[in-house]
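Just the one chain here, the form predicted on its own, laid out as structure tokens.
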């Protein structure tokens, strides 16, 4: 029972971080119709940048985290403004392919700047484990869950009450109507990419605090894409709900299946879920079903 409880708590915590990453996917898709395939590499880049600020430069934690956020906003803006905006009105496959190319560029850049490939972030959270019933859980998981829930609440308030957030929602629903109101849609694209970059930075730091900085963070980005597929490519609610489901399936399934199958089976479970969902409900749990005339 203690193992099941521990798998459940850690699975929900990791799943909530997956939801944060998935929100970045959804935000970019809804605003600009681009599937950002470089999200995992962005996690890796921002985690290494945090390591550089904290461990190599010795900057205080609060200032280092602010610098990471500023850097992530700049990277998000740069990707949209310099790389993707010139491709507006081009075929969607071109836009998606460009993000794939960006992922390889980021991978090469990370390998050049931080060639050792593996590192551990300095401790960001208290080290004493927490007893939940009969389970013993590291505080990194609990803090990741709490921070993710706080960000979900803040983003919900932002999109509901903030003028810019409302405009971003309107752009996601109807770009032409927003343009007719005199609002520059390209600025909304930039803000969406910047916000997605910030979410990737926070998620990257949280995941690195749990498992260290490795190229496994790239796989984390792909697992988060399974959250997007399950919840719906254009659904914020779907991303929030599907994250804990994927996290639970990965942790609980992997925990009990590993002794019966092979090490690393938990990494395969999210992609198995993608295949099943695409057969049964291709638009996801909360995705909008679109009927296109041919």
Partner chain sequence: MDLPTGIRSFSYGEDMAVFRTKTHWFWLLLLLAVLFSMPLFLANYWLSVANLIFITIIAATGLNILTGYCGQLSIGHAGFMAVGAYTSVILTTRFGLPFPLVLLSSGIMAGLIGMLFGISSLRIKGFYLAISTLAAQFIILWVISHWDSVTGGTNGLPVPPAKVLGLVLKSQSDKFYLILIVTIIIIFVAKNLSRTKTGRAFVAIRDNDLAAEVMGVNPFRYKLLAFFTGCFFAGIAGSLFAHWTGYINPESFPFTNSILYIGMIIIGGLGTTVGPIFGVIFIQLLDVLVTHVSPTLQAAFPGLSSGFVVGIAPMLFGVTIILFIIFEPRGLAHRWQIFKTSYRLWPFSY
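Predicted model, so just to flag it, every value in this text is computed and none were measured. Numbering follows the first chain given and starts at 1.
Although not depicted, the form predicted together with its partner chain is the subject of the following passage.
How about residue 285: is it within 4.5 Å of its partner chain in the model of the complex, going by heavy atoms?
-> Flag for residue 285 set to no.
Could you confirm whether residue 161 comes within 4.5 Å of its partner chain in the model of the complex, counting heavy atoms only?
-> Output for residue 161 is no: heavy atoms all beyond 4.5 Å of its partner chain.
Using the partner position in the model of the complex, report whether residue 29 sits within 4.5 Å of its partner chain, counting heavy atoms only.
-> The answer is yes: residue 29 has a heavy atom within 4.5 Å of its partner chain.
Any chance residue 102 has a heavy atom within 4.5 Å of its partner chain in the model of the complex?
-> Within the cut-off, so yes.
Where, among 245-253, 227-235, 62-70, 42-50, do residues come within 4.5 Å of its partner chain in the model of the complex by heavy atom distance?
-> The contacting stretch here is 227-235.
4.5 Å heavy atom contact with its partner chain in the model of the complex for all of 83, 87 and 263 | Affirmative, all three are within 4.5 Å.
Using a 4.5 Å cut-off on heavy atoms, what residues in 14-50 are near its partner chain in the model of the complex?
-> Result: 25, 29, 35, 37.
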